[in-house]
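The data below hold one chain only, encoded as structure tokens and taken in the form predicted on its own.
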Amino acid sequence: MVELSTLSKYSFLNASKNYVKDNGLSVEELLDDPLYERARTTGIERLDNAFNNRDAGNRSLATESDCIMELLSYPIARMIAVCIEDVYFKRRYALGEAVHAYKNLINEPTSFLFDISKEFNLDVKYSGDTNKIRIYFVDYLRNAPTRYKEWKMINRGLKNGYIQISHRDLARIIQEALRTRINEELDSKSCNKAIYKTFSSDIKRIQNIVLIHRKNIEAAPIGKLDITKLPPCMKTILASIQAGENVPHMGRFALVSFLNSLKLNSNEILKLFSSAPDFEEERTRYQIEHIAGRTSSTSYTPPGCEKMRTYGICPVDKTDDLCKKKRHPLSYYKAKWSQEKNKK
């Protein structure tokens, strides 16, 4: 039987969910009973910490009561996150929970991580030797942060379909699997009216914070780039990245190569990506500098409109007459600048 302290620390575990079910706690009790006021407060705290610090945060788990309140705060936080109804916020919250789990997991025995990996259907082999942890390459590619140089397959040993990883690597892979799961689960849920009624003031407060955050992002100057003159395709890709939506590699490549062609430096391009809820500076900087040719022998040029359509990343804005006439995003941007000069 899993200890209560472990269940509360890893509230995403099936055993943690079963603990709540087995105790017959209803949503109504969690929302109305004074006994669970602390769990409700902690749920809000998780959300604030995740958004502000990209980490759901640590709390004292010294007593049984501490553990129970921590455990119950997790489903409460998730239900509130759904009611906030903002993709950007949900992505940032999911990352905060996943990062929080990772920071705890790296201090656990490898056998514990091995057991947790089963909950995510990860094909991991572990015989008790921490130097011989292996993961099936498909699960590795699906969950590893392969934009980092050291995570690329070419820098990893592959034998019989399995890749050798370390204890910390496995914790990081679980972090990504958890982040993906929370994202998918939050996207599949609709707001519970009782949740909204109970937490309406906090929900509105957080929605306002997110709105202000978005406006600050949009208003922030980025070098000499005029975001208002971006072609529809680049506006769409940038908006999706900043909202935390899943942007295909070709979309990210197109945006970075486009911005590099406009002579933005790495830090300026990085600033645009930094507002994404799942932003990781080291990974993103490596990717930007590789595309820009600063860490590789090739500086890539942005794809034209035909190739953008081939990859399904052209929004085809039929209301934009200029977009219809141009065959390359750079041509659109330059034409917009020319129009601006002609008006003066």
Partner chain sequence: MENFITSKESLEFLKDAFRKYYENNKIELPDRFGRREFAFVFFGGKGMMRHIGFEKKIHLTNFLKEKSPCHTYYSSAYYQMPDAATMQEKNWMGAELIFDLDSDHIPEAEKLGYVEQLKIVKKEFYKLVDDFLLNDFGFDKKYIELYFSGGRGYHCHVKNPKILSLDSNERREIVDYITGRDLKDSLVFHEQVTGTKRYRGRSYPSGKTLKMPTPDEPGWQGRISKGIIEIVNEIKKSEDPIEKLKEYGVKQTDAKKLLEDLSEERVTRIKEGRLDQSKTIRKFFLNSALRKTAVSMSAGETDEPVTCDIKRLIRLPGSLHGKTGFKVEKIALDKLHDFDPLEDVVVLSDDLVKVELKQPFNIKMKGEEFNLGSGEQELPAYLAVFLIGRKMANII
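So that the term is clear: the rigid core is the largest set of C-alpha atoms that superpose within 1.5 Å between two forms. This one's a predicted model, so the numbers in the text were calculated from it and none came from an experiment. Numbering follows the first chain given and starts at 1.
The same protein has a further form, the form predicted together with the partner chain, not shown here; the description that follows concerns it.
When you look in the model of the complex, the only residue of L211, I106, A194, L158 with a non-hydrogen atom within 4.5 Å of the partner chain is L158. Proximity to the partner chain in the model of the complex, defined as a heavy atom within 4.5 Å, singles out one entry of K204, K118, K263, K152, which is K152. The candidate stretches are 54-62, 304-312, 285-293, 33-41, and the one lying within 4.5 Å of the partner chain in the model of the complex by heavy atoms is 304-312. Contact check for D123: a non-hydrogen atom falls within 4.5 Å of the partner chain in the model of the complex. Under a 4.5 angstroms non-hydrogen atom cutoff, the partner chain in the model of the complex lacks F253 among its neighbouring residues. Contact check for R142: a heavy atom falls within 4.5 Å of the partner chain in the model of the complex. In the model of the complex, the partner chain sits beyond 4.5 Å of every heavy atom of T236. Once both forms are fitted on their rigid core, the CA atom of R156 lies less than 2 Å apart between the shown form and the other one. Core-superposed comparison between the shown form and the other one: the C-alpha position of F253 differs by no less than 2 Å.
In the model of the complex, the CA atoms of V138 and T310 draw together by 3 angstroms or more relative to this form.
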